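Below you will find one chain, with nothing else, as structure tokens; this is the form predicted on its own, and questions on how it binds or moves follow later.
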């Protein structure tokens, strides 16, 4: 009987691990396709150099940040922007499981472009016009970003990034440009200003997210069928904001005039964000504008030069121009596996799926801490996303996660704040960070090793458990230090060992 239990436990573990791998691969493929849709690319020939401005250097040691994805989609508790894009159930399939042409033709002939989509199960299938209709009901009466900033600070975060405008086009401030902002739907209420003030109050660097694509402003000139479907299959119609096949085609002259309008619109909105709120530490672009690469209208759009004229010390993400001050990674599957030589950041969600407020379950605190630690041990910042409700608050479960992270950071935060990866000539058998003459070694709860092997650049002064300062007796032989763990009392989360060197090198 015991052997049968062990065997079935093994099978269960096997299937769970493989399911997790499949989910990870699926998410990775989806992210790639989303990036292609919104025009994220890398311009390796730009010649742009990482900012050397003194006010930008904070990013190298920022460590931990809070991402806020929030928009009108919180009314229906769906993700931001993407629910209005039809055909993703076709285009986002992995390459080894593509629909055949007959299946796609059946969907097109039916006129139901969400056929087979997961949104059918939770009633979240929306046409673009139905999605934008949510703006009429967006009145976040409990909005108080100081609560977010307070929680971020307590959790050891050093910066925040707020979605000023996502792909859906709804600007969270009363913009003079376009007709889809709080100016039109919230009597001019500015949601960006109190966020910026809250960051400053709690000593957090101010980041603003801004989407290059604007599907509302561009609604008459784009198809709301995911672009990959048209790329991979024949006779796919261009869909309008009601998800109906378009009957007219824009002329080249009409398109060019629109590109100039897009350039003026984006330049105007970005300049508002960079001039109306004082010092902005970071602009987190996400996707290029709805202007073809190389088109002359780019000359009228916002430029990197203009951005630095307005905010000389700003840190700029590479997702608009194709170049910027750091490398971006997105999603759990993209957690870097090696030490980063340039500034880098991984953005992930506290939810297991989705960036906005949905009913999807949240990750465990240990998962978050492990990701954070692995990022810091590889010189990568960790930007953890939270999606507020339609009232403008975090859910109770999100606040519980933040409280638990804060409690752990209160004891162990020094092992991550302003820390870097180990020196190239140092090695250790568990994840580790470095700061001055301290090396911090991390024990995950699922790592049941009995000892740690370590090579350092200096003689060791003492080794202690960071939580209780209890000393650990070590042995050294042939330049390798052995740290036994037989007397170490482990906890349910991540334990940290503090190795203090006699000198820092």
Ligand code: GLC
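Residue numbers count along the first chain shown, from 1. As the structure is a prediction and not an experimental result, all values here were calculated from the model.
Beyond what is shown, the protein has a form predicted in complex with ligand GLC; the following relates to that form.
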**Asked** Is there a heavy atom of residue 167 lying 4.5 Å or less from a heavy atom of ligand GLC in the model of the complex?
**Response** yes
**Request:** Check whether residue 281 has any heavy atom within 4.5 Å of a heavy atom of ligand GLC in the model of the complex, and answer yes or no.
**Result:** no
**Prompt:** Does any heavy atom of residue 286 come within 4.5 Å of a heavy atom of ligand GLC in the model of the complex?
**Reply:** yes
**Message:** Does any part of residue 67 reach within 4.5 Å of ligand GLC in the model of the complex? Heavy atoms only, please.
**Reply:** yes
**Asked** Which residue, 343, 355, 320, 162, has a heavy atom that falls within 4.5 Å of ligand GLC in the model of the complex?
**Response** 355
**Prompt:** Which one, 210, 195, 132, 82, lies within 4.5 Å of ligand GLC in the model of the complex by heavy atoms?
**Reply:** 82
**Asked** Okay, which stretch from 33-41, 474-482, 460-468, 447-455 lines ligand GLC in the model of the complex, with non-hydrogen atoms inside 4.5 Å?
**Response** 33-41
